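So this first bit is one chain, no partners, the form predicted alone, shown in structure tokens.
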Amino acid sequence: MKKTCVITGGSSGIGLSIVKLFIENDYQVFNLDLSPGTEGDFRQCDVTNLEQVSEIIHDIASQHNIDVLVSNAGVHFSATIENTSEADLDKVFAINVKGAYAAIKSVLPNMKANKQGAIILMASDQALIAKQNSFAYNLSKTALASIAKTTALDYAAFNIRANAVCPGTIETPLYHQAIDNYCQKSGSDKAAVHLEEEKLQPLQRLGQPEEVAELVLFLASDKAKFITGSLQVIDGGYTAQ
């Protein structure tokens, strides 16, 4: 019998790589995303709409035991605190933090009833370190790390594990969008900026979405059944400097 994975934001980037890998490993995957997904069972969902998230997950839970939740939906935003409006802050938190809150809260009754479950949150290397021009994004990713830890402690008695994956610079559409925005504002050459980003990494390259997906699959598996409340860094050594 196939295990069931629910993922938010599984239509592109790291999320799409996770969906593909879980399907390859015989999971039934439900992808909750605003944009149509090409893989898995797609359910159109706005993670900022907490009622909608709850309804969709409860519908899935009424027919399936949810074994894994990957809270991956997120938005990037670059600005200092002075250049972050209240609306900007609310948007980042609505997607990155409240979206995770809604998804986790919705899967817990099913996981508790089944006395098992793996919850993986997509945090960031910015859950461990600060970066310039990243006030709201950094704040939101630190919050996700906290959610992983508190959820791990609160639900360990139900054999529910919660961990946060903390990627460094991964070459995704989100990455290219951020670089494009920077180059548009600064007039910099994209190829030169991309090369600089690679040189900042101790391994002298950017991470790939498939590499992050492999870590997520491991954390969801029985091979990681003694790992909970952890922040799993996958950043090419960046935060070790």
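Just so it is clear, the model here is predicted, and its values are computed rather than measured. Counting begins at 1, following the sequence as shown.
Although not depicted, the form predicted together with nicotinamide-adenine-dinucleotide (NAD) is the subject of the following passage.
One stretch from 22-30, 57-65, 179-187, 42-50 that, in the model of the complex, holds residues within 4.5 Å of nicotinamide-adenine-dinucleotide (NAD) by heavy atom: That would be 42-50.
The unique member of A118, A148, M122, A100 whose heavy atoms fall within 4.5 Å of nicotinamide-adenine-dinucleotide (NAD) in the model of the complex: The option sitting close enough to the partner is M122.
Contact label in the model of the complex: L128 to nicotinamide-adenine-dinucleotide (NAD), heavy atom within 4.5 Å: Taking the distances in the model of the complex, the answer for L128 is no, it never comes within 4.5 Å of nicotinamide-adenine-dinucleotide (NAD).
Contact of T228 with nicotinamide-adenine-dinucleotide (NAD) in the model of the complex (heavy atom, 4.5 Å): No, T228 sits far enough from nicotinamide-adenine-dinucleotide (NAD) in the model of the complex that none of its heavy atoms falls within 4.5 Å.
Contact of Q232 with nicotinamide-adenine-dinucleotide (NAD) in the model of the complex (heavy atom, 4.5 Å): Looking in the model of the complex, residue contacts with nicotinamide-adenine-dinucleotide (NAD) do not include Q232, since no heavy atom lies within 4.5 Å.
is_contact(Y137, nicotinamide-adenine-dinucleotide (NAD)) in the model of the complex, heavy atom dist at most 4.5 Å: Close contact exists here: in the model of the complex, Y137 approaches nicotinamide-adenine-dinucleotide (NAD) to within 4.5 Å, heavy atoms only.
Neighbours of nicotinamide-adenine-dinucleotide (NAD) in the model of the complex among 1-37 [non-hydrogen atom within 4.5 angstroms]: If the 4.5 Å heavy-atom criterion is applied to nicotinamide-adenine-dinucleotide (NAD) in the model of the complex, 1-37 yields G9, S11, S12, G13, I14, G15, L32, D33, L34, S35.
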